[in-house]
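Given as structure tokens, the chain that follows is alone and in the form predicted on its own.
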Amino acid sequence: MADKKVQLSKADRWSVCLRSTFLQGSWNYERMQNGGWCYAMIPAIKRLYTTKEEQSAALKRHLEFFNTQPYVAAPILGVTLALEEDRANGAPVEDAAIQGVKVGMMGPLAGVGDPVFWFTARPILAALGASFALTGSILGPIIFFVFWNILRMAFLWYTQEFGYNVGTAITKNLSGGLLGKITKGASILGMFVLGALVERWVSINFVKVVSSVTAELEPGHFIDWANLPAGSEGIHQALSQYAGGVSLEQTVTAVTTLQDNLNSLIPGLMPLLLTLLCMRLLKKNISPIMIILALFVIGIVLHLPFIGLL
């Protein structure tokens, strides 16, 4: 590949890093962190592209859906900076390649970022600061604030630089088709991750009762309250029996809902169908906001007492 005509300076990359701290600043239900991502990319876009048309196209390119743990977005930013840099210098880097790499990386990295930062690093530093604060020392909050932000900013900068260097190495092998293979693999992985998250993100519960069976239990299968000893001994026996699986009442009613039948058929079927329907509507250029509002209305209507489906 020929020498680059335009290249991001360290100051440009540092500006992107600082702006990435506001990744969650315009979080929205439609495309989640896309606004913060686009805001972080502005210094690089202004450096790489000179015309308003090119800058506008780049901004639109980065307004696509994006969502991950905010700190692990840094290496993704680094790779994206390298891809944009080579695109600005004439390399055949398509929009799909950039978006595919972003989507492919955001899912797996999010799974790493949450336990490392939210469940390990921050609680440890908070406990350290709290130990000082309990003694009345002002060092408690200062230690937490200083060390947490040193850790956070160091991670953001060095992982972004790592991603930038890795991305540069990838795009140097355009003639060998390495970028195309990585793009395809990242796209497949990204779609797999998003598909797996459907079960977690989409929740539908049909509460409509399809059958109700009442039965009388035989002695020994329910707590005989009338014959329990008085006082604490009776309470102890009742709790022990209940813990062993004994019913509280002699008469029990087994209720089967529509959701129970669907779960026995194919668990997660309705969330998947709803997701596919929304994708179909998006392909027909239906506004995502209209889809969200329609889901609100449908959910409220189906929850009304005279319908009682949801």
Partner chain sequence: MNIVSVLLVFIVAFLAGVEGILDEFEFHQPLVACTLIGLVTGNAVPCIILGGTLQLMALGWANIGAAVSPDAALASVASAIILVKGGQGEAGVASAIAVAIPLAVAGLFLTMVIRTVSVAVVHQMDAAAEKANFGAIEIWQYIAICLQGLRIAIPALALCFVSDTLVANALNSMPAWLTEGMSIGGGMVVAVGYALVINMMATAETWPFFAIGFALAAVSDLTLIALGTIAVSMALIYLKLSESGGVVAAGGQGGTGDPLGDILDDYE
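Predicted model only: the values in this text are computed from it and were never measured. Numbering follows the first chain given and starts at 1. Think of the rigid core as the biggest set of C-alphas that the two forms share within 1.5 Å after superposition.
The same protein also exists as the form predicted in complex with its partner chain; that form is not shown, yet it is the one meant from here on.
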| property | result |
| --- | --- |
| 4.5 angstroms heavy atom contact with its partner chain in the predicted complex for Gln24 | yes |
| Its partner chain contact at Arg13 in the predicted complex, heavy atom, 4.5 Å | no |
| Its partner chain contact at Ala154 in the predicted complex, heavy atom, 4.5 Å | no |
| 4.5 Å heavy atom contact, Leu282 and its partner chain in the predicted complex | yes |
| Single option in Gly220, Pro229, Pro123, Gly90 placed near its partner chain in the predicted complex, where near means a heavy atom within 4.5 Å | Pro123 |
| Heavy atom within 4.5 Å of its partner chain in the predicted complex - the one residue of Thr257, Gln55, Gln241, Gln250 that qualifies | Gln55 |
| Residues from 140 to 157 in contact with its partner chain (non-hydrogen atom within 4.5 Å) in the predicted complex | Gly140, Pro141, Phe144, Phe145, Trp148, Asn149, Arg152, Leu156 |
| Core-aligned C-alpha movement of Phe22 between the shown form and the other one, 2 Å or more | no |
| C-alpha of Ile204 moved at least 2 Å between the shown form and the other one on rigid core | yes |
| After fitting the core, Leu274 CA displacement of 2 Å or more between the shown form and the other one | yes |
| Direction of the Cα shift between Ile289 and Phe22 in the predicted complex, where the change is 3 Å or more | farther |
| Inter-Cα distance between Pro271 and Pro70 in the predicted complex, nearer or further [3 Å or more] | farther |
